[in-house]
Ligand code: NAP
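Next up: a single chain in structure tokens, the form predicted on its own.
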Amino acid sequence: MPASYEAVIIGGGPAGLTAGLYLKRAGIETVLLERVLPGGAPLNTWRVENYPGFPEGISGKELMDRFSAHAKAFDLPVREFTEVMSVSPDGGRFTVKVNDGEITSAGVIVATGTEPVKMDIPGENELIGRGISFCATCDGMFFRDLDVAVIGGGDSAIEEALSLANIARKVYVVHRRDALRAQKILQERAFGNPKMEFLWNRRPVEVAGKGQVEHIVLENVKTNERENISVNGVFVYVGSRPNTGFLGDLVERDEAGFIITDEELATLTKGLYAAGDVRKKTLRQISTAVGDGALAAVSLERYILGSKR
């Protein structure tokens, strides 16, 4: 017999944990399903300085640990290492198929966030975990006093490059443009760090090494000239894509695959809501994910209570 709840939250990042907290406080019987461990993308962030209430800054892991503790204080059940295979509307309820069974619910909030985009170049797949990483916070310690490259020019790339500069001997920042996209305060810190060198107008075309990263091949986007840069590690921050494949045609997506919602965060399917980085929006930050989680929870609560009348 499938487990039954009023609400299922898929994804345990800031949006999902906030939604769970709000729903449990409202007396809605809820379960949160998380593919790995609660916390989401901020677990990979070395330092968070723009979340209100922490003027001195806080590590992403510590902040998410507090989120998890807060949600669990209201007895939110969290099922870790639970992969959602599909979601199906079924007679006014939903059937959520997971790797170890099925769960039914009156409504669902999708807060699955995003996953890193790969470089899609020769040598990448073979050397992931052998010098190629998508998380400096997780793997930076393995590159103490070694040379590394960071691919990208946005906030995530520069934040993690600054983190790596505390550990590595040299940090090359490889960017296909001639200017960074990161916030000005991050740029100022990066340009002032003697361990960081910026390789402008370049894109990676190959990563090579015998069982371990030894060098990366870069191509100048203006001259097409190529060069080898000797590094022990490559950290990739070239974008992200939403995790929505398990939803099939239950939602409308934009050209990048992000879920389109209305102002109440409802999707095409009645009773199905989306929150956080997985949905189409102009700003993806912890603070906006928290707002999404709260709004999606309140919208779903109203839907559930309305269905009981």
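Here the structure is a predicted model, which is why all the values come from computation and not from measurement. Note that residue numbering follows the sequence shown and begins at 1.
Only in words, not in the display: the form predicted together with the named molecule, which the text now covers.
Remark: none of the three candidate residues (Arg93, Gly271 and Tyr303) comes within 4.5 Å of the named molecule in the model of the complex, counting heavy atoms only. This chain appears without its partner; in the model of the complex, the one residue of His215, Lys72, Lys97, Arg176 with a heavy atom within 4.5 Å of the named molecule is Arg176. A heavy atom within 4.5 Å of the named molecule in the model of the complex is found for one listed residue only; from Gly113, Gly140, Gly131, Gly153, this is Gly153.
In the model of the complex, no heavy atom of Arg35 sits within 4.5 Å of the named molecule. Ala190 falls outside the set of residues with a heavy atom inside 4.5 Å of the named molecule in the model of the complex. When the named molecule is considered in the model of the complex, Ala157 lines it closely, a heavy atom lying within 4.5 Å. Taking the partner from elsewhere, Ser240 is found to have a heavy atom lying within 4.5 Å of the named molecule in the model of the complex. None of 164-172, 205-213, 100-108, 180-188 except one has non-hydrogen atoms within 4.5 angstroms of the named molecule in the model of the complex; the exception is 180-188.
Residues Arg284, Gln285 are the members of 280-297 with a non-hydrogen atom no more than 4.5 angstroms from the named molecule in the model of the complex.
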